[in-house]
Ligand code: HPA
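So this first bit is one chain, no partners, the form predicted alone, shown in structure tokens.
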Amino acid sequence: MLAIIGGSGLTTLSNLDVSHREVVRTPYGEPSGPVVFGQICGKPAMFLPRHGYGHTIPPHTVNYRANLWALNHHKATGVISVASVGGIRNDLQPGDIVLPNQIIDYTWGRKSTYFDGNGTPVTHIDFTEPYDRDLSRRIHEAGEQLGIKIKLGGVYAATQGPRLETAAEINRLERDGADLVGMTGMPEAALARELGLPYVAINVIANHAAGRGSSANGIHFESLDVVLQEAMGKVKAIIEKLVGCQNGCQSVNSTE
């Protein structure tokens, strides 16, 4: 069963035909909210909003361990993380959809592993390629079949938040090789790897990063909702296609 974690711009999954919701108790505390179960065009799926159903949990306090544990507990076969990000690279424009292939982690103080605590053996995971290649390929193919352009590859910089970055910080990230910036990609990706869950991020460029393009003199928050609403409609259509939708599914242009 495919699991979708929704971020800013995707706090609900309107194309999920809900069967039930379940509050999951985990060894790591409470997830961000009840896990929602249902079907997308007749195929089983589950959904969890990363920031809670009222969008009240900031990036640095999300219980990433509980979230991933809950999805794994319910036999998720793969995890799609949807998140809005800032574009650093020149060719990344608001509304673009990107499948990053690398991460640089700038976060701190977050519970970032299941392998800690008294008596727990030190365990290392291979994180050379943080995103699952096969799942990324399938998402890209779904986009192609729908005529939705998805940009392949990019280095995601995970920052602490909840504030946005300064222009100087974005310059530093660019020097480090980052192409886009967000606040929730880590430790989520690493925890999925520890659990053996195929994990992919679908990133929507909500705005130019600080000091870039239309954000040269500041972020214009009033324009973000329009950009995200249109782009998230495309993301929902891609997810529908990925889980095997046939004719009659929701329109690509849907913004519900």
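The first residue of the shown sequence is 1; numbering continues from there. Just so you know, these numbers come straight off a predicted model, no measurement behind them.
A second form of this protein, the form predicted in complex with the named molecule, is not displayed here; the remarks below concern that form.
Of the candidates Val79, Ile139, Val181, Val82, Val181 is the one whose heavy atoms come within 4.5 Å of the named molecule in the predicted bound form; the others do not. Proximity to the named molecule in the predicted bound form, taken as a non-hydrogen atom within 4.5 angstroms, holds for one residue of Ile148, Val155, Leu164, Leu92, which is Leu164. Residue contact with the named molecule in the predicted bound form: Pro100 places no heavy atom within 4.5 Å of it. A residue is said to contact a partner when one of its heavy atoms sits within 4.5 Å of a partner heavy atom; Val36 fails this definition for the named molecule in the predicted bound form, lying far away. Remark: Ala209 counts among the residues lining the named molecule in the predicted bound form, judged by a heavy atom distance of 4.5 Å or less. Taking non-hydrogen atoms only, Ile219 approaches the named molecule to within 4.5 angstroms in the predicted bound form. Note on the interface: of 82 to 90, 122 to 130, 108 to 116, 67 to 75, the segment with non-hydrogen atoms within 4.5 angstroms of the named molecule in the predicted bound form is 82 to 90.
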